[in-house]
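Okay, here we've got a single chain as structure tokens, the form predicted alone, with questions on binding and movement later.
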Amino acid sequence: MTPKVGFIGLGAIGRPMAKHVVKRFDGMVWNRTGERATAFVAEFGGKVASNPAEIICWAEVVITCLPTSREVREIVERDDNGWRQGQLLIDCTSGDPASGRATAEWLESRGVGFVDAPVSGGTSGAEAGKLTVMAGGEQKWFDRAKRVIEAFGSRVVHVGPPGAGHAVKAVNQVLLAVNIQAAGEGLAALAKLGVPATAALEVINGSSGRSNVTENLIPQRVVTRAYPRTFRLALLDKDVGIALELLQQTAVPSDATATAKRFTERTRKALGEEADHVEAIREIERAAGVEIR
């Protein structure tokens, strides 16, 4: 029997994820901007909910994909939502572990399961249905969630208890930010010495310093000056902040993460809320007085 799956949040990542969900399951969607949900259903099918409570009352499985854990808790943790025993919430938001655990406890008291399942792979991965999904939650709820998650995820890994998915995602995002900063600074210095970015990247990507940033993001976006907007720098800054809090809470040294937070915070302020995360390199170029080409 095909389960009823509700999807809350049709942003840059959520919309293509929801597309795969409604293709495979009986789906209903909601978005804060109603016109976006109406357009989605006209193109991909499913039903439009007038509010989140309608989805919660209708669905067996609810997926949230929102900017932060604050929005998730505001929508989910309402006594008048009509949650019932046996339902499952899959939270694909890049959220914070403590909030994930709190939501899990709130839902557990109502007999509802919770899996935090943030994703990685960007809009291209979401469009292709080939995201990497890091899932936290009790084994029984993960086992049930996996069938739904596989609609948009090609690699689904159960990483631990509630909140663990959010924690792994935050650490991943720090590594992304560190690589953007380090590669941007290094390539800017090499450019000032007359080394073309293509030559430098050929060496780096055949050596131990390679990363997704040097193999894909810089060649496709910085060298070409294309800078498509696929993931906002503001959200990366938020994620790095979550990681910094996580390290502080666990009493782990946070020198690199603190540096990354200063970098994302500074470049976010300079470039604005709509800038793409890779555009942070523009600020490095501006300060250095050079373009990486």
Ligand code: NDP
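Note that the coordinates shown come from a computational prediction; the quantities given were computed from them, not determined experimentally. Heads up: residue numbers just count along the shown sequence, starting at 1.
Keep in mind that the form predicted together with this ligand is missing from the display, and what follows is about it.
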Original post:
Taking R78, T103 and G163 together, does each of them reach this ligand in the model of the complex with some heavy atom inside 4.5 Å?
Top reply: no
Subject >> A145 within 4.5 Å of this ligand in the model of the complex, heavy atoms >> reply: no
Original post:
Is there a heavy atom of T123 no more than 4.5 Å from a heavy atom of this ligand in the model of the complex?
Top reply: yes
**OP:** May I ask you to state whether W30 is within 4.5 Å of this ligand in the model of the complex, using heavy atom distances?
**Re:** yes
Original post:
Is P67 one of the residues lying within 4.5 Å of this ligand in the model of the complex, judged by heavy atom distances?
Top reply: yes
Original post:
Which of 258 to 266, 53 to 61, 243 to 251, 223 to 231 has heavy atoms within 4.5 Å of this ligand in the model of the complex?
Top reply: 223 to 231
**OP:** Consider the chain as shown here, without its partner, and state which of A270, V22, A275, A12 has a heavy atom within 4.5 Å of this ligand in the model of the complex.
**Re:** A12
